[in-house]
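Only one chain comes next, encoded as structure tokens, the form predicted alone.
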């Protein structure tokens, strides 16, 4: 079968591009070696830490936002919100102002779109809050987070409240996914309400807890507990696997498949370019199969997710088609002297033209049917900018628009 569109990568940009294509009637296939970055992300959409500087980035073609265009970012955010709302998992926010949300380490982070389960934790709100300590849950230390958060909250004293988890699901330390499965169950939430209610009598009405409110029914769980206990719960993302990220993955995958899209996760994917046309081979334990498509979107991510690899000898390469990667030839120029500061390697990636087609050293497209999106693109330090998900969505939207 020849597909209209073949997408390599099942992270946020790949899945979102698949949803957009399927919603526009395209026959689309997603091939991926693994699950992508959603399972290690926060489940929120970071567009830029300082939204006031967005215009500057959207007016230069050296930055992925400039290549995608401002209309693509706006449209992408709107369509993602529509997809999530239809799945019963509304995302809140817009480009007018970021939410200021707490991290599990007690820092603050700026994000544009956040699920309903997180927004009550906005540090811009004046109401006091407390953080829940869940005995037996090792991936969130409320006391540690409070110490670091307090300097960001001057108008009241932060506190910690112990909230036990009855009938712990395992005989080992529980992971977020273990607890999320419990919170999905209405009968289990009734048990929690009975145990927690007397402990909350004198507690602040906003309570933060690790992101465990359910995988399939998180909003229902939050509304149930909020209503029964007279509080506002908010989630704080913790160590992977990320429950909010898994929710986003499930929503996009389900939306894609419900509209006829096909997704295959597991094979090693390699590409070939002949006569300016790209084709793909998927190798599943020695069983190789070639795929052709009218268009191919490369959404394999950067160094973190395997789209870019660094070799011992110092070469950097793109992992599927071995496309040229923009990087200084001298390794000393890859990093800065400040360990936690911005580093040049963060901007390494595949260079593309205005059509998002990867280009060679001659500045011409290497293949007429190939486009690259998301964290694979050169030109943005996504971590320092706080722009990772915004770039993934905007460039995926633009790539589909160009089909």
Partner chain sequence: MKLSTEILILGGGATGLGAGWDAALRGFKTLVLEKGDLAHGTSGRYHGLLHSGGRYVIRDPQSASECAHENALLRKIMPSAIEDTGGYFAATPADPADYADQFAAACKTCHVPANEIPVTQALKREPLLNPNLSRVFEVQDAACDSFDALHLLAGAVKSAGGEVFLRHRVTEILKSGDRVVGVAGEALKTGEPFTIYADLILNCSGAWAGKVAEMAGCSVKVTPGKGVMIAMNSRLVNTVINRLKPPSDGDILVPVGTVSVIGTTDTAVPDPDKYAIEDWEVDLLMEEGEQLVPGFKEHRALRAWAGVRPLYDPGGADSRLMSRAHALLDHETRDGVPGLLSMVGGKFTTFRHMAQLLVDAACAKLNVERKCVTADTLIEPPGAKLHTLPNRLAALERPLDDPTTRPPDPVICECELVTRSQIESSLRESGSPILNDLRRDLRLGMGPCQAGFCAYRAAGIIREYFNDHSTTGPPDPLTNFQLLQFLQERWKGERPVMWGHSLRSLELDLHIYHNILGVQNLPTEREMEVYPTEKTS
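Residue numbers count along the first chain shown, from 1. Since the model is a prediction, treat every value here as computed from it, not as a measurement. Between two forms, the rigid core is defined as the largest C-alpha subset superposing within 1.5 Å.
Unshown form predicted together with its partner chain; subsequent notes refer to it.
Chemist: Taking its partner chain as it sits in the predicted complex, is residue 358 near enough to touch it, meaning that at least one heavy atom pair lies within 4.5 angstroms?
Modeler: No - in the predicted complex, heavy atoms of residue 358 and its partner chain never come within 4.5 Å of each other.
Chemist: Mark residue 109 yes when one of its heavy atoms lies within 4.5 Å of a heavy atom of its partner chain in the predicted complex, and no otherwise.
Modeler: Heavy-atom contact with its partner chain at 4.5 Å: present for residue 109.
Chemist: According to a 4.5 angstroms non-hydrogen atom cut-off, is residue 144 in contact with its partner chain in the predicted complex?
Modeler: Heavy-atom contact with its partner chain at 4.5 Å: present for residue 144.
Chemist: Could you confirm whether residue 86 comes within 4.5 Å of its partner chain in the predicted complex, counting heavy atoms only?
Modeler: The answer is no: residue 86 has no heavy atom within 4.5 Å of its partner chain.
Chemist: Select from the listed residues 331, 289, 92, 185 the one whose heavy atoms reach within 4.5 Å of its partner chain in the predicted complex.
Modeler: It is 331.
Chemist: Ok, 59, 53, 353, 335: which has a heavy atom sitting within 4.5 Å of its partner chain in the predicted complex?
Modeler: Exactly one residue meets the criterion: 335.
Chemist: Can you check 231 to 239, 192 to 200, 67 to 75, 118 to 126 and let me know which stretch has heavy atoms within 4.5 Å of its partner chain in the predicted complex?
Modeler: Going by heavy atoms within 4.5 Å, the stretch is 231 to 239.
Chemist: Is it the case in the predicted complex that 18, 258 and 295 each bring at least one heavy atom within 4.5 Å of its partner chain?
Modeler: Judged in the predicted complex, none of 18, 258 and 295 sits within 4.5 Å of its partner chain.
Chemist: Give, in sequence order, every residue of 297 to 319 that has a heavy atom within 4.5 Å of its partner chain in the predicted complex, or say none if there are no such residues.
Modeler: The stretch touches the partner through 302, 303, 304, 305, 306, 310, 311, 312.
Chemist: For residue 337, decide whether the Cα shift between the shown form and the other one is 2 Å or greater, given a superposition on the rigid core.
Modeler: Yes, because once the rigid core is superposed, the C-alpha of residue 337 moves 2 Å or more between the shown form and the other one.
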